[in-house]
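Take a look at this single chain, the form predicted alone, given in structure tokens.
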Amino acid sequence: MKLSSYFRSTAAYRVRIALNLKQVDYDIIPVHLVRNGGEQKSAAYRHKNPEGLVPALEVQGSVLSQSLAIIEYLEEVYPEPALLPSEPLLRAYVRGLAQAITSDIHPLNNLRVLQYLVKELDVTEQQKLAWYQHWVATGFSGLETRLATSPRTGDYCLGATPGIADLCLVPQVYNAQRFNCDMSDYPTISRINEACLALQAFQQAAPEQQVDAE
């Protein structure tokens, strides 16, 4: 099993955590998203993954794309430890938490979006930072309220074990901190993030632990 990954990619970070939690052996294929205009744009990589994004998981002669699809594949093939609860209502709940991050926050702050703001719309670095921080604050505000008020929240987004929502939360917090987002308004998010980072599976998936870390 081979994972095309970039050490700072939020989406690849999610998949690395899932693989580690499930103790699945995999090899990292580094794809530098900035060097030489972005290695993900090369013909060789686009032949593998036409979307030109990371992560991409090569398994049994297939190439899987999109982090949540990859994570759900891993959940089906390696059911233990479970990343999704068995009860349908709870499954929908944690999927909603995950998608609040992967659909509402992350796409607006993806590297290619930030590059477009600077290169095509000629925004300043300060304006780019303001954009990033605005959309993180907008997304984290609602997520914090939901997590802080839900009886389903425990040490992690759902109860006492990390799951799919936590896999999405930790990489987003990492990037928010990179861009100097003020996390003081999100104590529940911060607490869950710290609980996750105490686990070896999360530590090993961290950007600074990757073979292509700079």
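Numbering starts at 1 and runs along the sequence shown. Quick caveat: nothing in here was measured; it's all calculated off a predicted structure.
Another form, the form predicted together with a further copy of the same chain, is not on view; read the next lines as being about it.
| said: Looking at Ser184, Asn180, Gln60, Asn36 here, can you tell me which has any non-hydrogen atom within 4.5 angstroms of a further copy of the same chain in the model of the complex? | reply: Flagged contact: Gln60.
| field | Partner proximity in the model of the complex: Glu80 to a further copy of the same chain, non-hydrogen atom cutoff 4.5 Å | value | Glu80: no contact with a further copy of the same chain in the model of the complex.
| field | Contact flag, Thr145 vs a further copy of the same chain in the model of the complex, heavy atom cut 4.5 Å | value | Output for Thr145 is yes: heavy atoms within 4.5 Å of a further copy of the same chain.
| request: Classify Asp27 as contacting or not contacting a further copy of the same chain in the model of the complex by the rule of any non-hydrogen atom within 4.5 angstroms, answering yes or no. | output: Residue-level check for Asp27: no, no contact with a further copy of the same chain.
| Looking at the partner-bound form in the model of the complex, is Leu158 within 4.5 Å of a further copy of the same chain by any heavy atom? | No, Leu158 is distant from the partner.
| said: Suppose contact means a heavy atom within 4.5 Å; in the model of the complex, does that hold for all of Ile17, Lys22 and Ala44 with a further copy of the same chain? | reply: Per the other structure, none of Ile17, Lys22 and Ala44 touch a further copy of the same chain.
| Those residues of 90-123 which, in the model of the complex, come within 4.5 Å of a further copy of the same chain by heavy atom | In sequence order, Arg91, Ala92, Arg95, Gly96, Gln99, Ala100, Thr102, Ser103, Asp104, Pro107, Leu108, Arg112, Val113, Tyr116, Leu117, Glu120, Leu121, Val123 come within 4.5 Å of the partner.
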